[in-house]
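We begin with a single chain expressed as structure tokens, specifically the form predicted on its own.
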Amino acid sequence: MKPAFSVCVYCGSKPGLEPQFAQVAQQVGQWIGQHGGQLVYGGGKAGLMGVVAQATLEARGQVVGIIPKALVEREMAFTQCQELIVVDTMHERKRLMAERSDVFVTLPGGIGTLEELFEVWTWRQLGYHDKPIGILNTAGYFNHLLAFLKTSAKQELLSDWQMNLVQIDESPLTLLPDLVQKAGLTPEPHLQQI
């Protein structure tokens, strides 16, 4: 069955210290699965990546993992994905993740997560896509980053228009449906209760 929408999730391959990070990652996966959606993510089994993928599967959602060959060889792949795409480079991974998604959501993560967020954000400001982008600011994880970006805007190195291309929220239960609706798609209501 074709999914109602595809959500690209960027997040850490580590769990982090804050228990709320994993709780929100699980809520994201559950919401995607319960609403007839598809998760598109980096294909890993560890950390928050593994949590969101497992939660999506358990909620009967579809999971597409896209992972570089080098990480598969290190046994980092989540082999339970319905579709696990193995690519040669990180560039190819990110391109396919963007192509296969209707919206983008960033959860807590490290430099790889931040790089993915900024790349897709840059692509949107340049007009390479018009897909909604969201940041889940769980437990204030992104507070310092957002403060820095506001400083960049005050210094006129970043515009309010650019800042407004990304939606920031603390709850996946409000952010996800809003992003999906902004993409012109509708969650499947008959799958909301399992």
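Model, not experiment: these values are computed from the prediction. From 1 onward, residues are counted along the sequence shown.
Beyond the structure shown, there is the form predicted in complex with a small molecule, which is absent from this document and is the topic of what follows.
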**Asked** Is Met90 close enough to touch the small molecule in the predicted complex, meaning at least one heavy atom pair within 4.5 Å?
**Response** yes
**Prompt:** So in the predicted complex, does any heavy atom of Lys94 sit within 4.5 Å of the small molecule?
**Reply:** yes
**Message:** Quick check on Glu99: any heavy atom within 4.5 Å of the small molecule in the predicted complex?
**Reply:** no
**Request:** Give a yes/no on whether Leu71 approaches the small molecule to within 4.5 Å in the predicted complex, heavy atoms considered.
**Result:** yes
